[in-house]
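Quick setup: one chain, the form predicted alone, written in structure tokens, and binding and motion questions come after.
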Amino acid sequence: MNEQDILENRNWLEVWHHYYDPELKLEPNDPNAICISSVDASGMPNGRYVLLKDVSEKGFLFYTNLKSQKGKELFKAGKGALTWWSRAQNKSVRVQGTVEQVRDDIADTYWASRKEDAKISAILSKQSDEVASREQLEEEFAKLKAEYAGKDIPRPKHWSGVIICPQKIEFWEATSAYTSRLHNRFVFELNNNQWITKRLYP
């Protein structure tokens, strides 16, 4: 896919796969790592890394504790942003959009696929709250692991999937003449339910 193909394309999902899919072979450790950005009540921005679990025409899906700082901030504002970066390809994708929670059946299906330890840590974690010590954390984990031994581990209602439904997506890529800094920036922007594409100055 060349530059003109990107600018003429009205399907941002195709461009996303053009950027992202090669990363699955190039990066052995978490090629799906993304930085999720939100803003608190005072306007202070916050960023943290999570793992992207799916991308569809609906948007970008990850799972989290809805009572965490990120969960509270994303749903209070009703919008959020994400950034994906590839060192191997010198490419990045930035997304801004609204946020939605997935249906319970979708969250249940993904929860069922998780390993036991991951389920237990999700249940015990009062994410973003203070914990007295590492020892307390490990003691609580061991207690829950013994409690759920041999049993189905239910998904907490406050643990679910979040979709960032894009309104603006920027695809950035470094050019071969890196020192010139004349890199490529292509933007897809939703306008009256139509995607408009344009090139930006680097």
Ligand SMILES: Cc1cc2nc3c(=O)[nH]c(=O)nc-3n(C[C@H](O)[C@H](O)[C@H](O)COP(=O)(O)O)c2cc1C
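No experiment lies behind these values; they were computed from the predicted model shown. Sequential numbering from 1, following the sequence displayed.
There is also a form predicted in complex with the ligand; it is not shown, and the following applies to it.
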I'd like to know if L51 sits close to the ligand in the predicted complex, meaning any non-hydrogen atom pair within 4.5 angstroms.
yes
With a cut-off of 4.5 Å between heavy atoms, is S68 one of the residues that contacts the ligand in the predicted complex?
yes
Under a 4.5 Å heavy atom criterion, is Q127 part of the interface with the ligand in the predicted complex?
yes
Can you tell me whether T64 touches the ligand? I mean in the predicted complex, with a 4.5 angstroms heavy atom cut-off.
yes
Look at the stretches 96-104, 82-90, 116-124, 69-77 and give the one with heavy atoms within 4.5 Å of the ligand in the predicted complex.
69-77
Consider the chain as shown here, without its partner, and state which of D30, E57, E139, E147 has a heavy atom within 4.5 Å of the ligand in the predicted complex.
D30
